[in-house]
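Coming up are structure 1 and structure 2: the same protein chain in two forms, each one given alone as structure tokens.
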Structure 1
Amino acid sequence: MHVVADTFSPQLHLVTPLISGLADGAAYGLFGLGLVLLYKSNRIFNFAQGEFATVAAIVAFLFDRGVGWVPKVPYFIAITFGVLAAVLVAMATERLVIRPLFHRPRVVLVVATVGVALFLVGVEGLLPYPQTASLRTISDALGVRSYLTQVDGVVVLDQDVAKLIVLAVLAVLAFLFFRYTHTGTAILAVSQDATAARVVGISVERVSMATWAIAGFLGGVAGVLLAVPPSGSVTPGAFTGLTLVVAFSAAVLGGMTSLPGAFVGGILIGLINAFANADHSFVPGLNSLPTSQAEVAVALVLLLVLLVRPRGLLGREA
């Protein structure tokens, strides 16, 4: 992550992974929210969630920089456009892919979302823009210093703090939404028995569209917050692949049906990931690929959860 101090100090072994773990954890949690939402509502894993984020990041980038014929707009307008784009893509996915497959086995829908992800990556890749660039951070756009403070020589970036705050706020809002709003209840009702929902007069089509729009919103927010330096970019497929897999593990850990769980799971996995990546090589020789130790750790956590407590930490059913 964003380590400024290069020297080895004893504190570094705890502080660096702690801070980077929290920051990355916020990322996983943000994706996790969207994943949990769609699992709660449709009982599927949405493998296109990462690409909703990428779409948002790319659109935001295009408007922020003013690339090609796209006009340059103020930063916060640009990221709004980005999130809007993600919402539209999600709604299109619902209408064109999910709805025709509504009654098929869940695994078919999962495969279809893989197809959607592939499709989006393909389209993104064919767009003419500098694909290795990154989106600006909020602190960049505001013209302020990029880090809040330093702890033991390790920098705490504004953007990372923003990620954590946004994640916390969204998790709480999402939780309240499902508990206390009519639409939230309707979404749950449709997920439990779509026919019964129709019987009481709920429009299953409208509910489904709303659900995916929210998922697109969550993905979009994740995208515009995460596609920033040092490790993020607007590369096509940026958020699918490894990030998404870890995000799924985070969601499973927290409880695939629990929105607060996505927050908790995200942070935990982020920390596990960071500590497993840290300077200690617990297993010599396994360290060749920088991420492999962390990957194995996360995979083991995932397996453990699925074998021992499938509903995760906060979930109420598997």
Structure 2
Amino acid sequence: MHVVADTFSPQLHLVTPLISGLADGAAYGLFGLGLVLLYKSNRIFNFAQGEFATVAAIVAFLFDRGVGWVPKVPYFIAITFGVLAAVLVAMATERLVIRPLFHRPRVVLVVATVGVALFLVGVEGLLPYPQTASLRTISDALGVRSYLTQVDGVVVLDQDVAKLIVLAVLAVLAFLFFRYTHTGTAILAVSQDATAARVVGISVERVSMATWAIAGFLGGVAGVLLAVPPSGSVTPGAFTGLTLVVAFSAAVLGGMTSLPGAFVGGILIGLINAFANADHSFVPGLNSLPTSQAEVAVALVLLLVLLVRPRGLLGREA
């Protein structure tokens, strides 16, 4: 939200960015968690993560609207199909691209993920759908009002609450998964020492597939949460540009070796973005910029954190 007024308004400059920042930060945290998972297990930066999100948003849109040859299904089933599509694309990426190159230098794998992202953008452009549309919000699908309540005169949208609830639920599930399940423990073991994990009988290949599937799931959920109005869209490559950069920033800020750090980094980046957009006129330096105040603010905070604590806020030495 761009504000030009010089008079501070609690509603416009405090409550509104706080609500929107927490909501968007929740989705960035999901993005960041997927990136951290793959970095811990494969030691690569996955540039295709944004396209897992885009695939989920597009597939959900196609089934929700019944576009072309795709049948129309109920809203929440369409969302499920979208997230499932992201998981399948992520698993196909691991099996067809990552696994054959697994013993090559890490930079080769990173470039491979860039190739996957470009390939998916091209495929998305061939799908039969209006490429300027957005996914329906939950309130639209249910036919109810778009907000739950008001805080100091500022409406709290259903979709913003949904983002926070999803983040909270997945954070708890992630903790339980990695703490109490065999697969979760195996993923953590492989991330620490793949050779030792193989020696004790853990299938590194199976763990790699599971990790990519989880990353696809997290990206898919983030994609359907971000693909709603007013700023969301289902255009090809929608989340590989600025959104992926923000997600990387969240992961680095929280710590690329820390799963909780991804959630914390996402929330912080969302808040920095929102407050920089709303309050830049009151911040020396930012008030002189004509555009991109949020991007500059994120870059400055990220640079400061990396200078003071290179491993991130919650990360350990890799």
Partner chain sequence: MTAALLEVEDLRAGYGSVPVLQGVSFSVAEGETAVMFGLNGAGKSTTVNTIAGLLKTWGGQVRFDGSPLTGLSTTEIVKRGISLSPEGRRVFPQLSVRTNLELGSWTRRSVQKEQMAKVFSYFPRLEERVDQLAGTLSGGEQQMLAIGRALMSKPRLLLIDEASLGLSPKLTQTVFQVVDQINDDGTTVVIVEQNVGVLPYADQALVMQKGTITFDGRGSDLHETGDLRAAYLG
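Please note that residue numbering is based on structure 1, beginning with 1 at the start of its sequence. Basically, rigid core = biggest C-alpha set you can superpose within 1.5 Å across the two forms. None of these values were measured; they are calculated from a predicted model.
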Between structures 1 and 2, the form predicted together with the partner chain corresponds to structure 1
Could you check, with the core superposed, whether the Cα atom of Y180 shifts 2 Å or more between structure 1 and structure 2? yes
So, with the core fitted, how far does L306 move at its Cα between structure 1 and structure 2, in angstrom? 2.7
